[in-house]
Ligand code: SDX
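Only one chain comes next, encoded as structure tokens, the form predicted alone.
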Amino acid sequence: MSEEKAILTIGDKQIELPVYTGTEGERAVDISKLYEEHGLMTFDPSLANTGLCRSTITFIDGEQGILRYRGIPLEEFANSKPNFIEVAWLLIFGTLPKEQEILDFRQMLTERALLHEGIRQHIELMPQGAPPMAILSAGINKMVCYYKRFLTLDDDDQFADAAAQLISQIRTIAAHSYRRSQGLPVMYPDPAMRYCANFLHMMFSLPYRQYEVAPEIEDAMNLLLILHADHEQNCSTATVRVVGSAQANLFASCASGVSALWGPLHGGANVKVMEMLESIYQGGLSPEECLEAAKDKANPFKLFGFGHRVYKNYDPRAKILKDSCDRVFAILKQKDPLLDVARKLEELALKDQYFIDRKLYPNVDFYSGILLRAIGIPTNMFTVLFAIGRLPGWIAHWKEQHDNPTRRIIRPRQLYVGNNQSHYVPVEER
């Protein structure tokens, strides 16, 4: 219980409100009874300053540029041999998995990688040019039609089974959607391959030629997914919680997360970065000219990949991705002119007082698209990869909310500014 109180003064009335403190010192004023007891609501457009829940999953300090999963700094995952499945387990179940737990979970993923034929046929019936995110969302929703045992999840074993089903098959659906868009035959998952290598196999192998996954590329893919695995109450995660609060099943809730992630202001941001870098390179603009254009309010040019809603410092994910780009291009022994443009833009921006004063630093989207392109992922699949990475976070938040005995349906209020009471007028009198 909170011992500290905040005093809200409205006219001659004073209202005491509890103040809670998180484990990292964040403080929150509890206004949950404000309307019920005093007829007042708070006004917070886009919920930028509203705590949606208590959570033990992810901590972000935007001022310091800190991101931790279950208390573990993100950099510790990048500095060790990256393993997306291990991080997925950590997020969902709360602890790093023991050796037998991770072996068992990997086996579950292997056994569940193959799509039900009904889902595969459903993908085949989609138009060839269908957006991959539309196929992904529909495919996840379609799973419940064939795996009805997951409509209710009453115990930990059943939940682990459902989580494995989702995490394994999301990559199969994603790869199938890409193959469909290219008019290529389906490549089935290979049970001998690990998670990321298997995804790349399903994307790029041909019946007459196996795609060979370099260990460094597999590591880069693991790292990319880890960096996207969770990010507190972002748009798609909050959407999963809102839908899940209505007691919607895990699959429907995660499908709603895919739809939210589809938005260009959320999961599609790295596509905008790539389009911008390409236009800079093709248009012959210098990075210096681009920064000047970005500072000119009258200029329509927009500089994507800088600044973040939460981070007022360098996004820790961007630092890690920048280093990963260097390693991957060294292994591939190739260059990407867009990476050179990006590096120069960053170098100039970090010295420019305009960007320093506004705390506009590179974010995760600034380098993720370049890394995905180096791996061979086409631009229209960028957001799909983001969804694969973010899925464990969605599952973890759905579980945390589902396990909370005091959970209630999320139902915000509004400040009505429409007409006062008016009356219906028959059409002939209007």
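All figures in this text were calculated on a predicted structure; none of them were measured in a lab. For every residue, the number given is its place in the sequence shown, counted from 1. Whichever C-alpha set is largest while still superposing within 1.5 Å between the two forms counts as the rigid core.
As for the form predicted in complex with this ligand, it is not shown, yet the points below apply to it.
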{"property": "Shown-form site status with respect to this ligand as positioned in the predicted complex after superposition (2.4 Å backbone/C-beta criterion, 3+ atoms)", "result": "open"}
{"property": "Sole residue of 81, 116, 149, 309 within 4.5 Å of this ligand in the predicted complex, by heavy atom", "result": "309"}
{"property": "Sole residue of 125, 265, 192, 298 within 4.5 Å of this ligand in the predicted complex, by heavy atom", "result": "265"}
{"property": "Which of 382 to 390, 37 to 45, 23 to 31, 369 to 377 lines the interface with this ligand in the predicted complex (heavy atom within 4.5 Å)", "result": "382 to 390"}
{"property": "Residue contact check: residue 364 to this ligand in the predicted complex, 4.5 Å heavy atom", "result": "yes"}
{"property": "Contact test in the predicted complex: residue 317 vs this ligand, heavy atoms, 4.5 Å", "result": "yes"}
{"property": "Distance check, residue 354 to this ligand in the predicted complex, heavy atom within 4.5 Å", "result": "yes"}
{"property": "This ligand contact at residue 231 in the predicted complex, heavy atom, 4.5 Å", "result": "yes"}
{"property": "Stretch 121 to 156 - residues with a heavy atom within 4.5 Å of this ligand in the predicted complex", "result": "none"}
{"property": "Core fit, then residue 349 C-alpha moves 2 Å or more between this form and the one not shown", "result": "yes"}
{"property": "Core-aligned C-alpha movement of residue 358 between this form and the one not shown reaching 2 Å", "result": "yes"}
